[in-house]
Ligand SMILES: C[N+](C)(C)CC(=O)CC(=O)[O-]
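Here's a solo chain for you in structure tokens, the form predicted on its own.
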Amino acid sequence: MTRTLSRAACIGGGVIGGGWIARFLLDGTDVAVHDPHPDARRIIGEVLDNARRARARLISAPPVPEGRLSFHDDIAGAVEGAEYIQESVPERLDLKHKVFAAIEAAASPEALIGSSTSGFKPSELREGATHPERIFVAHPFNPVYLVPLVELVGSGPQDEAVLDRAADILARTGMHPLKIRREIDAHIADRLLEAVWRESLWLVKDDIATTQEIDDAIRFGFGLRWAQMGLFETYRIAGGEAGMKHFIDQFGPALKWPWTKLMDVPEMTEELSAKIAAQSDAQSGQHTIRELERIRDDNLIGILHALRANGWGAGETLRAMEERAFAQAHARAAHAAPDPAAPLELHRAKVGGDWLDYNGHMTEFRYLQVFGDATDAFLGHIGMDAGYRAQGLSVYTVETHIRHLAETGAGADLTVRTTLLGFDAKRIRLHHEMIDGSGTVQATAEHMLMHVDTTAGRACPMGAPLIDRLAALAPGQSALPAPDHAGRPIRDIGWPLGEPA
């Protein structure tokens, strides 16, 4: 069971700190920030713009109401009342010690304190701390608001309870907490990245490859495999039907060959630095950093969507995140106690720029998405939650009729009004109206739903609470006027083929 976090503090709002702020804030957590940089508000604002854009594309569930963002002139003001504190200041141990001392002087004794450090060990961070046991490493990956991994590191078995609390909190925001068995310099992921980075520097220095050629080797080659299977599982497949043991036996001797320079580090001379910078500018200098961030985000979202569709890797984390978001939306709708004698307003959406077709209007499949999400909201309203589905019971859509009535443009705020047209032991009939902010009906949809036993693969009678809540809704809903188009098939307009209307 994940823990609810109501207030977090972020000390440092740069690339990593800004990502933490966005992840917490978009999950509905109030975030207090301290960063003395004169451009901190602008930088954080731009990170939030990217994060909001990415979140809207990533998750189809209704957005969680954002938490409140506040800026504070000192650390004491930021950490007051915070349950979780994330430090993301520059990688200087003396600076981190100074920040931790200020945090401990003002924070609640129960507050957890995570550090975004990519290299320092918890034992180093804790030097001089008043309550060292609550300081730990929580190392994320850029962009923090999209990449789910966070490495959690303590100093020993005595830290398990603290790391478990942190894992619960961070999992709620859609992260994948990875608890490291014991502390080590640079943790796990950065040690792997350092090996690739070091070898890449040699390849550039020795004029074997340019920065773009190295990046191409990764993004067109093994990087695609790593994104979904990592290292060892990829090599397991490379071993064929004989598996990993065969792969090791076949390629193990090559480890002794002098292929790499992993134990040597090229001196970062001014000449090498300038060479790398010039090649990097030639490679992607035509884009601003913000443009590159948005390109990166869009590609990551596409990869995550593919993994979610296959229920694999980070896609499982995304799916769980979406399910929590839908559950929260359904809970908010149920808490609002809609009038059963009026159409139920259970789902809202906003038309993003990527929802448009070549005519500049909302593309066809997005209508089905909005109406499908509204149906899910209704099913959640009558009690079809994860617990109900765990019994092997669910509701499937067996027929849909959508009418497109207006040109829905970018930025439109949509509300779906849902009416229960009828039900019996196995079926539910719904009508949706999709309305924009001006009250104009943009489209309607009629759905026939069937209750099924998912194990047997056939229809079956509904159980509690679905049938009971439908019965409670029926008197009020039946008093509403039925739409005159409900139940009508698409007429055969009878135009002779090849003749104009």
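Residue numbers run from 1 along the displayed sequence. Since we're looking at a predicted model, the values are computed, not measured.
The following text describes the form predicted in complex with the ligand, which does not appear among the structures shown.
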Worksheet item: Heavy atoms within 4.5 Å of the ligand in the model of the complex: does N142 have any?
Response: yes
Worksheet item: Are any of the heavy atoms in S118 no more than 4.5 Å from a heavy atom of the ligand in the model of the complex?
Response: yes
Practice prompt. Please run the contact check for E83 against the ligand in the model of the complex: heavy atoms, 4.5 angstroms, yes or no?
Written response: no
Discussion item. Considering non-hydrogen atoms and a 4.5 Å limit, does the ligand approach M229 in the model of the complex?
Written reply: no
Fill in: Per-stretch contact check against the ligand in the model of the complex, the hit in 185-193, 370-378, 308-316, 385-393 (non-hydrogen atom, 4.5 angstroms)
185-193
